[in-house]
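What follows is one chain in structure tokens, specifically the form predicted on its own.
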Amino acid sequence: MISFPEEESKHCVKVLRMQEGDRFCVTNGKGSLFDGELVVAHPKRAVACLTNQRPGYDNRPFSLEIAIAPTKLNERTEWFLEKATEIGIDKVRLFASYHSERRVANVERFRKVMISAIKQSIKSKLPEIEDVVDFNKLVKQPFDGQKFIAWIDDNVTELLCDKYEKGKNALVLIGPEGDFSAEEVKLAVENGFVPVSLGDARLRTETAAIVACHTVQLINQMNR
């Protein structure tokens, strides 16, 4: 048996109009799915019986992390978080750099966007999201896998899709609207990040992050 918090209970009973005996899918956000049956349909404290625990289809042998500078308009960052969760991502790291237009973030609101996205896309894992840190601190944090920094520069000709190795953990840095400064890229390279291009198109921050996310996921699904 599991009791849902008031917000989820109200959504089940008032919005979805679920009644006792209705069946649905439940996730614990940690990689498992369950069959659920509503046994108490109360808008403040709904209760369900869970059976048939099974791993979700989104359990993967590799991890994907995107580090992104929050956009000036929160809606754009929220759009990225929703779509990245649907595509498949393990962690989002927020940072502030030289050209950042936003240096604080409502992480709890962002987490709610991701929770909504895993429910709609029937994911079993809720991605982690970390609060904003300074870029200089971010690039020095440990990471076991391939590290990339997406940078728009004439000298950066290697594509992410050519440098990323299938099955490897990946961390991709996506800069703010004004991109990274040359000094920031230099610091990232000194800390093991490889500069890559995401293609010929000039992309907005949230679009670039989605392209990076989808690229890594698509490579891992090819010729399985």
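Note that this is a predicted model, so its numbers are computed, not measured. In this text, residue numbers run from 1 along the sequence as written.
What follows is about the form predicted together with another copy of the chain, which we do not show.
Residues of just one listed stretch (63-71, 24-32, 161-169, 42-50) have heavy atoms within 4.5 Å of another copy of the chain in the model of the complex: 161-169. The contact with another copy of the chain in the model of the complex, taken as any heavy atom within 4.5 Å, belongs to R76 out of R76, K112, R102, K91.
Though the partner is left out of this view, E130 does not reach within 4.5 Å of another copy of the chain in the model of the complex, counting heavy atoms only. The closest non-hydrogen atom of S9 lies beyond 4.5 Å of another copy of the chain in the model of the complex. Though the partner is left out of this view, K14 does not reach within 4.5 Å of another copy of the chain in the model of the complex, counting heavy atoms only. Interface membership of L38, defined by any non-hydrogen atom within 4.5 Å of another copy of the chain in the model of the complex, is ruled out. Counting a residue when any of its non-hydrogen atoms is within 4.5 Å of another copy of the chain in the model of the complex, the hits in 111-138 run Q120, S121, I122, K123.
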